[in-house]
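Just one chain is shown here, as structure tokens, and it is the form predicted alone.
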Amino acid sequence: MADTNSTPILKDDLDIVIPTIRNLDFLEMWRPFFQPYHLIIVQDGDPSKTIRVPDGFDYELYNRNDINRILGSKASCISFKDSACRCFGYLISKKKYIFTIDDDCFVAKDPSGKEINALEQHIKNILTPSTPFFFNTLYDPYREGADFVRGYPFSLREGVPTAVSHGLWLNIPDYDAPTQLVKPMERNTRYVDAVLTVPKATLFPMCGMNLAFNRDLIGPAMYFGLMGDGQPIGRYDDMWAGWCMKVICDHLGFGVKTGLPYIWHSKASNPFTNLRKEYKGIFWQEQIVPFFQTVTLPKDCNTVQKCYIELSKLVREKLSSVDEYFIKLADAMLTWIEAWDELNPSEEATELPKFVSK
């Protein structure tokens, strides 16, 4: 067995993507775990500001000027002044796997006091199968010390490829603004030592601050939408990507895991600022979620790109009545796929349908 201390697992196959507006001093705490890996840092906000990265890390840093230079007219699909800008890192990565983390997320400790290597746990999740078609009451049956329980169909025990590993957080919970306002002192102190597969046909609220995915498997679906500056909504970027991704995973037969690993979320964002960003999304989600719960993709959608293009068409048809923003979002989804195929020419390129805006 290879010595993981000298050769970290997936060292040459994984990029760490970090969106930021500030110096990345938080990396010092993560140095023992992140230093062997390549970082893609996406600088949001003022491109003239200099972002300091601690010495000793292998990284690329891109700001808005770089995004405009690399994508040209297609740069319009990358959000500005919102953490959704992180998906530019997914676009330009050439690695099979992505781990993304926010710059206010620190190393958590398990109940024994041991520091948690979140990246290592995500890799374990992503490299073992998922079981979306039948729930195992011992949660992840591929974990050491666990297995399939009595009554679990043998025909389903092989599982399916895991596309996404969704991690959790200790300390500051990932709450919306109304919940923040009524529970300002709420802290998550409960460490649940479990990983489970999200069942097929079940949506979930995906948090982008502690997330890993198989870029080769699901990358084109991990678009964090149009949020932030110039848009009527913010803080729904990861939610949007999660809904789109899960529908496509269900259609193509991929799995999604949630649970371990935990990170330590160090600071809560301002609930009043968040409310300004979220308030339309809070209303819209009551129509968006039923849309995703009932959406059906055609059988001939056999690649992620084809699924995503079909989904963009359905967003335009079904959600434009909620708000004209969804016409703009549907256009951006198509632009994203164009940019993806342009920067990843080895992947199957798909002819885009021509839509006429109403």
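All residue numbers refer to positions in the sequence shown, first residue = 1. Note that the structure is a prediction, hence the values are computed from the model and not measured.
A second form of this protein, the form predicted in complex with a small molecule, is not displayed here; the remarks below concern that form.
Mapping the unseen interface onto this chain, C85 counts among the residues with a heavy atom inside 4.5 Å of the small molecule in the predicted bound form.
At a distance threshold of 4.5 angstroms between non-hydrogen atoms, N344 is out of contact with the small molecule in the predicted bound form. Mapping the unseen interface onto this chain, L170 falls outside it, with no heavy atom inside 4.5 Å of the small molecule in the predicted bound form.
Of the heavy atoms in K124, none are within 4.5 Å of the small molecule in the predicted bound form. Listed residues I288, M209, V160, L217 were compared with the small molecule in the predicted bound form; M209 is the one with a heavy atom within 4.5 Å. Checking K200, K81, H251, K280 against the small molecule in the predicted bound form, a heavy atom within 4.5 Å turns up for just one residue: K81. Residues placing heavy atoms within 4.5 Å of the small molecule in the predicted bound form fall in a single listed stretch, namely 229 to 237, out of 192 to 200, 135 to 143, 148 to 156, 229 to 237.
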